[in-house]
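The chain below stands alone, shown as structure tokens; this is the form predicted alone.
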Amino acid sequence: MKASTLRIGHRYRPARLAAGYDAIVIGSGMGGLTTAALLSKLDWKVCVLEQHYTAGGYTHSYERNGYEWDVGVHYIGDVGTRTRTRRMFDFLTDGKLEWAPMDEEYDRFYVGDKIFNARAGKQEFRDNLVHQFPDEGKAIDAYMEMLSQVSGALSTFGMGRALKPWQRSLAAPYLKWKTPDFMFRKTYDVLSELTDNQDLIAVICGQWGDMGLPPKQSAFMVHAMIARHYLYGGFYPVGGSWKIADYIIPKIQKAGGEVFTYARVKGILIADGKVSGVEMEDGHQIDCACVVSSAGVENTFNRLLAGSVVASHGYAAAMNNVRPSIGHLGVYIGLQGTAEELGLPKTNFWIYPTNDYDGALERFLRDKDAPFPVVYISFPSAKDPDYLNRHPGTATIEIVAPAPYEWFEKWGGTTWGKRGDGYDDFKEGLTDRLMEQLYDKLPQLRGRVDYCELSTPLSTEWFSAYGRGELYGLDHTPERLQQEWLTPRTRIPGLWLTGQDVLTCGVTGAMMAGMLTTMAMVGVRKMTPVMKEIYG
């Protein structure tokens, strides 16, 4: 399989643009592609502009030296049966995307010198927690009840995001009534009222890396969303995460639209107080009265719009109330030998030095030589039953750990692959430390690694155009989630937002944001037939 087969979308050239697009979408992440596909279903001709060489945002895959890795889709939940999430994926991909289940023990938590796990199935998850903490049954049941309450509240939260301001004002009493008080409290504060067992709290919060904030900083709503998402286990897209975009793009093309790569947008054009199109990096202008930004709030208001426009609409002040999430390191490992031969599991490893997640992160941010506060290890070739058909006799592993952009800032503005010996030496030290985490858990792999490379927040900035290498857009604090301006509809006529900053992080959060953005753009009446087709 050649690397070019992973380059999804068509390379941008001004001559390849069609005339009269109904909407321009900036960014081909899950939010952008979902919005474009849903609009296309309504016969809109949509132009999606992606600055990277391949479409898909964090759902894209890449190849190097005969190996293939995903960059963001390490596992997806809630797709084992005909859930709302699965039905939306099926609609977007015309039912072509298949899902392979991970092991029943889909997450394993190494907390200090103790080992815990999460098991697939709501009852199994609960019973397993009680088995691990036999004196905490009451607290565990109270926690499970909270997760049940969050389901309806999440739908209410999303609905509120799609409403017009005057509609949201009218609906405010109802929205408040449907929202439990604990939704916008900090995760640790909520859980510490259920139990004082710090190991139990640590296990319940063992997936905090999926949103980038530890429990004393994160909003319980997002914690609960992630916990619920994986209650029935983890799944992996058969054929690799790049298949997601590969299956969605034909829907956009069918209506006359296209997804262009190498298409860097320089700015969003404003004329007479409303959107008039975009200007490309090459100076070419694409006229269109409707622009949807899936590039993230930071990019939209701090790079793509003129400062005077941002300030006059109140966004300069609003941006002071949110902050980018932390950056990350990614180790991409290739091995000769199959996952089965090497003993690689279909279980994710989460490795923590202590059950005090916030304290460990604080120490790490002060001292980069302190233990990593969390190390996540994923085994994509073991999860994907089709992997060996594409790359026979090989296996892959990915390691992810947090790292602040500030550590790498002095190399900012340099070219990927040409940042100098100092940068390479720093990367090598970080790589060695993370590889030791792998060898500690799977010692049989020492000496078996054929290829290894490390990405940093600068890599994320280079390939994904996130200015500080952030993985999850805006930090998911309680304050961020209560920002009423973070909705699909902006104060600038013709400009819309989609993606994880509109709703919540992750592939599913961005996908649902795409649905909300489309509904806000076209209205409930026009979306109703589409929603009936999706959900029956």
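The first residue of the shown sequence is 1; numbering continues from there. In this text, all values refer to a predicted model and were calculated from it rather than measured experimentally.
Another form exists, predicted in complex with a small molecule; not displayed. Remarks below refer to it.
Only one of 471 to 479, 486 to 494, 61 to 69, 39 to 47 places residue heavy atoms within 4.5 angstroms of the small molecule in the predicted complex, namely 471 to 479. When contacts are judged by a 4.5 Å heavy atom cut-off, residue 263 counts as touching the small molecule in the predicted complex. Using a 4.5 angstroms limit between non-hydrogen atoms, residue 328 touches the small molecule in the predicted complex. Although the partner is absent here, residue 143 sits far enough away that none of its heavy atoms falls within 4.5 Å of the small molecule in the predicted complex.
At the 4.5 Å threshold, heavy atoms of residue 74 reach the small molecule in the predicted complex. Candidate site formed by 26, 299 and 463: every one of these residues places a non-hydrogen atom within 4.5 angstroms of the small molecule in the predicted complex. For the candidate set 230, 242, 357, 220, a heavy atom within 4.5 Å of the small molecule in the predicted complex is found for exactly one residue, namely 230. Interface residue among 458, 304, 205, 191 relative to the small molecule in the predicted complex, by the heavy atom within 4.5 Å criterion: 304.
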